[in-house]
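A single chain comes next, written as C-alpha cells; it is the form predicted on its own.
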Amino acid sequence: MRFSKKHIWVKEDGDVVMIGLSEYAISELGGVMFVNLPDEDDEIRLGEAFGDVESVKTVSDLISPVSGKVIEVNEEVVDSPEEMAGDVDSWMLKVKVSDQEDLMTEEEYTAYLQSL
C-alpha cells in the first residue's frame, strides 16, 4: 500500500486501485459513524473531495489521491463504517485510474506521521 498526505491509502493492481482510509485517520477521527461515497461510474478527481466521513468528533472530506472512474463501491463500509480498520479489507472504492499523485511508501508515511 502507498499513502497520501491526506491519510488515504492506495493499493495498485495495474490501472485499477483500491482506496481506503488509513488507520491513523480512523484513530484520529475517534470512530467513524457514517461514510458518504460516490456511486459506481462516477468520476473522481485528483486533489478533490470524493466523499466524506462523519465521526463523533467531526465531518472530514475524503481527498482523492487519484483521478479516474469508480468501478466499485464497498457497500460493507457504507453499511458498517464503524468497523473500518484502515486495512485492505476496509477499502472504500475501486477506481480505474487515469492520473495519480506521488504517494508515500509505508515507511515514508510513518515518518510523515511522526513529523505532525
Partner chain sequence: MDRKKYDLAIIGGGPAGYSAAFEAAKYNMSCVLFEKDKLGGTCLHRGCVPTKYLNKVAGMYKEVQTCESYGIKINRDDTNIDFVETKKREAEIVDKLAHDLEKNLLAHSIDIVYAEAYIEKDVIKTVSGDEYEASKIIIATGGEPADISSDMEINVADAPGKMMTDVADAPAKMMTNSENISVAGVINTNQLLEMREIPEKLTILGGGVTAVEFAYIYATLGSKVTIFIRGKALLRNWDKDIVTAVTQSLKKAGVVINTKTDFSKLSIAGDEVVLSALGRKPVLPKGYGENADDKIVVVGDARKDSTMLAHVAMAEGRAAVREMVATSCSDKMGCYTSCIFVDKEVASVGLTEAEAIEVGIEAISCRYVMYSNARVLISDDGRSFIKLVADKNTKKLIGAQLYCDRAGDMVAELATVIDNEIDIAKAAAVIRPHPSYCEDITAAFDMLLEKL
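Positions refer to the first chain, counted from 1. Being a predicted model, the structure only gives us computed values, none of them experimental.
The same protein also has a form predicted together with its partner chain, omitted here; what follows describes it.
Looking at residue 40, you'd find a heavy atom of it within 4.5 angstroms of its partner chain in the predicted bound form. Not displayed here, its partner chain is approached by residue 78 to within 4.5 Å at the level of heavy atoms in the predicted bound form. Shown alone here, residue 54 lies within 4.5 Å of its partner chain in the predicted bound form, counting heavy atoms only.
Taking the partner from elsewhere, residue 33 is found to have a heavy atom lying within 4.5 Å of its partner chain in the predicted bound form.
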